[in-house]
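Laid out below as structure tokens are two forms of one and the same protein chain, each shown alone and named structure 1 and structure 2.
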Structure 1
Amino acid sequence: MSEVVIRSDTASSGSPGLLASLDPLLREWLPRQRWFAGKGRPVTGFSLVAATELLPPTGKLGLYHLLVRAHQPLTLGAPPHPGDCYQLLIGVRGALPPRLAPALIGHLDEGPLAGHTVYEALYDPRPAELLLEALRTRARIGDLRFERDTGQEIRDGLVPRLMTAEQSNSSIVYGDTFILKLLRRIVPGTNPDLELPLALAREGCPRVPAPTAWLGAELAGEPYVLGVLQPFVQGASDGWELALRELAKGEDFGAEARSLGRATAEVHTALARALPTVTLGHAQLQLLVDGMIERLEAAVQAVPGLRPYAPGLHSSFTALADLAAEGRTWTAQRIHGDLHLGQCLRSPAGQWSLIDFEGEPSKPLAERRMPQPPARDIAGMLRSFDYAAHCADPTVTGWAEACRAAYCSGYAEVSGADPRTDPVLLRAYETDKAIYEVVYEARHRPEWLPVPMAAIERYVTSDLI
């Protein structure tokens, strides 16, 4: 591996040469990416937050690490926002070999690199190897900081491949040994996707792959987490695939759901040991309920089909506020924050691991890092059983309910607390999650919208179970 080179140029505004010539190509390419968070609004321009030249364009391959802010018009009534910042790894070549055709961003007609082709470099093994090498050697490249747990070895020669799964970020698998997740939408601050797995590793919790290495930057005095490398769980199936497979065969998922309940409780128990917990009294609960109501109101604006259900949904939240007003308290702790079947990997030996502690990517980091009742994660998983059943066959009955019972029993076996003993809290969180899902699906996968909408309809017409 040749030496990682390195020049860096950090700018808080303005568009140096490369970005100016990339601008029209990115405007067209960026909104088409699965991980682009600003769908539905045009990109009107970019500003450069940081640029690091990893390989100069004088060779066969030029390579740039860019953090760019995408400017988009605000939606009516939204608070002022500078635009989301995205992490890009841009390759520049004279011509793109056919194997890299899917990575094409476009051709540069002007600027310092006129005549060159620009592409998404994560598809290219050479840049991917360069990133792993930088992590292995704990490189400092311009603003970029590559760190690692020196207790874990990173062998050379691991062959990289970009994952093609539908993702909110982008991941490269190295020789089925490691997986590097590069975060796409970047926000300053401590990122729970690194913070929580590190805390769990310190607690010796085996249900989460321990981070091996990570990549970050400090820009304008603020830390940014840009990527995390962790051991790859070989031959794993995720809970979503498994659930759909069992549903297709007409088989029971009870034993797996119960084991998932146990795994969730193990992670919650370890997080409660590792990081502070707090008691939520009336005032804090009211704030939490206010947040749910605000999200409902915003969702109704975004997806008008929700409007007829709004009063019924609202009452799930006020029922929780009423309990708090009567003096009930709850314990809050750090949780996963976006738990669903797709975040659970089962090894061929039958062990479950939980991944992706980033939380709901659309929420502010400070909110994602707040202690919350564990019921929020549990509700996320219960919603997922419902999703799987509905996707397999919208008329199927009993499957999601059986998973729910098994999952809650498994959870109680490890934690000592059965989530079903607090039905008002659980229903409020299931409702909140289904509302989030309605907005998520409307924005990203409109054909899936009927799945959370069916749950919304059920919640407003059924009693607590």
Structure 2
Amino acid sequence: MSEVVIRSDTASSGSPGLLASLDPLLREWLPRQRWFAGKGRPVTGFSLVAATELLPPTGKLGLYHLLVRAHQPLTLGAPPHPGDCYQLLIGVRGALPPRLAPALIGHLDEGPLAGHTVYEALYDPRPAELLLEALRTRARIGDLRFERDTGQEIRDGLVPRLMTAEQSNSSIVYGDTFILKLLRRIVPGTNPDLELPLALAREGCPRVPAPTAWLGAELAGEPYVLGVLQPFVQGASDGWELALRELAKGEDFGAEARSLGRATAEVHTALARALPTVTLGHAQLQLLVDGMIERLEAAVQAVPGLRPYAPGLHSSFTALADLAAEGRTWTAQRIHGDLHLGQCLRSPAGQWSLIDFEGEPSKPLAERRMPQPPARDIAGMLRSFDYAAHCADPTVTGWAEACRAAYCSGYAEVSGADPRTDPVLLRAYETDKAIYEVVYEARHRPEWLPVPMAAIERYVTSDLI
């Protein structure tokens, strides 16, 4: 294994001084980032989890890899609390060229980098090239570990570009060959965004790009996954954008929805082969239902407009508990965990792939790795069809229902089980998802609130599918 010529300085005495000097700049910059999870609560300070000097600031370009914990009150007015840990790549230059203006964090007047400008390094091709080279050569840099599948080739000289679409992480595309997803909100443990694609690759499942390389760290005896490099599906269409385009043209999406259902079932089937499954009986289902009811009660407090619908929504969950009490059981397995149209890619050849297996980032990692009924993924996709229809044209009728039917039929063709034959379970998960959407939209996108509220009203007034 050859080594990338990068200086590691995790034990540098300047690291605490560096963070102290960055503190006022990060308090302003970090909350503005799409991937910052603590919006609405002030940042009161930072603590350093790890720091690695990748390029010394003595040259034209310096580069630091930082893991920092943001201190925020748990609620407005509460005392500061050590909160989420974030992965930062901080570039250092004497002056920022105009092309990097969108990346600006600020200018430092004191500390070890006084007189320098610091910026989000992922906008800069040189740091992005450095990351790929470190992965290609399986570098060891301080606490950072760059690993790769030696069966896959990583050519050098691939030109990087940062994907600027807003998302909960950051992604760099290298020459239309690879895409590197860098996780922003970091937690210790086995991350399903690497764990599940590796398991699917071992099963030979073609519906998920096999990881080519990955970046991690070992800190205080705990593993951290920091990034995953996978093949880039050139010319692929995002499922959400494709659905909106077809809707705008008045085209039928049924064939695509059926193919997507088949792809989902292939992934679920492969995951059930690769990783353990469990049987959910009365006690386990009651815990699941209790969680749904707790989320409903919290949502009613957060969004009073839900209150008139609460009894009907509650009955969707108790109906599931009643089935379990009668002796009904369900199989739970590892699933995607946050499936919707935006997590799917369609290649120019018409092949669907599923991506982003991180699960809901707001959930604890242990919860995201728990086996769950596949109906949870299916419900997420059915809700996504509903969103697409309302986003494209609120007056459109029948489109989401047709997609729903086609998707479930496609799923049944591969799995042998049509999700619609278990309507109580599916309705419970759809209801739970719609309640989550109501709270999210009320807090972040009030103009979208009518979409999940229309579904809520439908669920409490219509029969099970």
Ligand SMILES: O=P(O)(O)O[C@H]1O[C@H](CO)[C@@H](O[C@H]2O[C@H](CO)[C@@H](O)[C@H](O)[C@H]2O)[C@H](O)[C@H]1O
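In this text, rigid core is short for the largest set of C-alphas that superpose within 1.5 Å between two forms. Just so it is clear, the structure is predicted and the values come from calculations on it, not from any experiment. Residue 1 is the first residue of structure 1, and the numbers go on in sequence order from there.
Here the chain appears twice, and structure 2 is the form predicted on its own. Once you line up the core between the two structures, the Cα of residue 441 ends up 2 Å or more from where it was. Core-superposed comparison between the two structures: CA of residue 312 displaced by 2 Å or more. Once the cores line up, the CA of residue 24 ends up less than 2 angstroms apart between the two structures.
Core fit done between the two structures; CA of residue 450 shifted by 2.7 Å.
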